[in-house]
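In the block that follows, a single chain appears as structure tokens, in the form predicted on its own.
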């Protein structure tokens, strides 16, 4: 995906209402040609309703959908140059793998020889040896194999955009990681535009060129995974994009502030000025916190008690207590492991960010 690529799909002030309930509220964004674009959000955020409008299964109450500049609000799904891979995959259980892949080609009137040739090409592309899988009944395939068959069938349509509705949600965690990478490799090798819906942060981060985060029918932020992780727009986005420490702070004027832990009030120095009396959240990622050695200083520091230690392979995660019922999460490299039960925790000003609540 090239950042300067023209948009293939534009969503302009789309709203979708069911009686008095607004599922999607005045949403606008553009998907670029050849991009892996992901819509992510918790249950009830509106992502599935939005996807159904994009593929033509629902009509917007207001707003426009434009494909290469042409309004397609009233264009039925079968007349759009798009294809959707459902969570259920929707394969034909009575057919072989080969016949499932050939189906969209056969209904377009291609000869049996052309269908077979293209099916073999697509099975190879999806790492399914056609000698083994072409004549295999799809009901005899594993979950991961069926997922690949569904992708091969979708590509047989030769769509301009492939839409995905949480296709990996029913697959075990280990295979899901493999398929996430394969999906990204497939998107790059084919140059197709992928528009993906998921509730999984990991899927969004691993595969996407850009991510749109939804909450209550509204897009909170759009950007690359790095942009959103490094500069979340608000506390909701910060918490959704990964494990974080969010400290409730109140400005004292300038860069001085207080952190109310519920048991005690701790003075802090902020990375930017905050007006006196203004309440905000201070974001600090677990990896930005460190245990200070004797005589070492940091932009901010606070004494803590180490409650628990968790091994994460090359990293160690700590839960530490600042005050009763107030804990922080710290993540360090394995070689920085500490055996202490009492410590001073510190972080630099540049490693924190003031956020709207």
Partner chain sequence: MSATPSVPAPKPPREFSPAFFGTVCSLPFFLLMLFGFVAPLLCVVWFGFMPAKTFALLQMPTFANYETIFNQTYFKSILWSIGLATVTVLTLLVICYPLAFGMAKIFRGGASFITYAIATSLFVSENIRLFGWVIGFMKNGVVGGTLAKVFDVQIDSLLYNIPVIILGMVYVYLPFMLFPLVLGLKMVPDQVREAAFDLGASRWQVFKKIDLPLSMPGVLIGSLLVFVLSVGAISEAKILGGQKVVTIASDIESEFTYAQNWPLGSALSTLFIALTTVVVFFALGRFDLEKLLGKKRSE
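Please read all numbers here as calculations on a predicted model, not as lab measurements. Residue numbers count along the first chain shown, from 1.
Beyond the structure shown, there is the form predicted together with the partner chain, which is absent from this document and is the topic of what follows.
Checked against the partner chain in the model of the complex, the residues 213, 195, 122, 154 give one hit for a heavy atom within 4.5 Å, which is 154.
When the partner chain is considered in the model of the complex, only one residue from 103, 236, 229, 134 comes within 4.5 Å through any heavy atom, namely 103.
The closest non-hydrogen atom of residue 275 lies beyond 4.5 Å of the partner chain in the model of the complex. In the model of the complex, no heavy atom of residue 115 sits within 4.5 Å of the partner chain. At a distance threshold of 4.5 angstroms between non-hydrogen atoms, residue 78 is in contact with the partner chain in the model of the complex.
Residue contact with the partner chain in the model of the complex: residue 307 places no heavy atom within 4.5 Å of it. Contact with the partner chain in the model of the complex, defined as any heavy atom within 4.5 Å, is confined among 260-268, 214-222, 184-192, 90-98 to 90-98. Contacts between 40-54 and the partner chain, taken as any heavy atom within 4.5 Å in the model of the complex, involve only 52.
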